[in-house]
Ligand code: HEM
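Given next, in structure tokens, is a single chain: the form predicted alone.
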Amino acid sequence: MASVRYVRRFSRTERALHWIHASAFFVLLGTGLVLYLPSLSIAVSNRPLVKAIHVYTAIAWVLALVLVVLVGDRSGLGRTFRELDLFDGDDRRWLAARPAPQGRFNAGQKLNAALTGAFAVLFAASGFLLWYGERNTDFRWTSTLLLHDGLTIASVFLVTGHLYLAVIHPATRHALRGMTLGSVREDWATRHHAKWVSPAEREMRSETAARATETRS
């Protein structure tokens, strides 16, 4: 029986950024719903505490992301950003539901990353204005609240689709292993990310060979 081979897909830095962002999102979503929905606010009955958790989680989220970028693999993050930023003919064909080989990120994941980044910036800006507007009424704008609420609704739909593909959908749920342990099966990567798996396999083999050389020496 042939052994299962794995290729590394995500570094520790990439995984740290993902899970910090995901954890903060769910805390902010839960506390935000309590602040937004009167029925939940009454049930919790401690609005000031929930509001404090919401604000301090947002601050911790930003600081944690900055810290990981500063101390993590910045060159690797730069390569990841360039991969996410590249849209080629295969990506356009994939979005048109036509067969096309994909790199480490498929076109849907690239769009998800772009939307997530844009939402994060808009959430941070509108959240700050909502906080500051309570201290200076000149900055208390109805449009800010509408933007913050609209982003929340859009994010819920985006995250629901993301969770379905990552946890439930049979063809794609193996990808979750890459974001938890860092590696995915080589055969799965070959089927879903054909343009990426060959370079990744070569890198893995070169690293293995280098370690074996160091051991012999």
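Fair warning: this is a prediction, and the values are worked out from it, not measured in the lab. Residue numbers run from 1 along the displayed sequence.
Although it is not shown, the form predicted together with ligand HEM is what the next lines describe.
Per the 4.5 Å heavy atom criterion, ligand HEM in the predicted bound form is contacted by stretch 144-152, the sole one of 64-72, 172-180, 188-196, 144-152. No member of the trio 10, 77 and 114 reaches ligand HEM in the predicted bound form with any non-hydrogen atom inside 4.5 Å. Within 4.5 Å of some heavy atom of ligand HEM in the predicted bound form lies at least one heavy atom of residue 123. When ligand HEM is considered in the predicted bound form, residue 36 lines it closely, a heavy atom lying within 4.5 Å. In the predicted bound form, none of the heavy atoms of residue 162 sits within 4.5 Å of a heavy atom of ligand HEM. Ligand HEM in the predicted bound form is approached by residue 127, whose closest heavy atom lies within 4.5 angstroms of it. Put simply, of 55, 44, 158, 49 only one has a heavy atom within 4.5 Å of ligand HEM in the predicted bound form, and it is 55. Interface residues of 129-144, taken as those with a heavy atom within 4.5 Å of ligand HEM in the predicted bound form (partner not displayed): 130, 131, 134, in sequence order.
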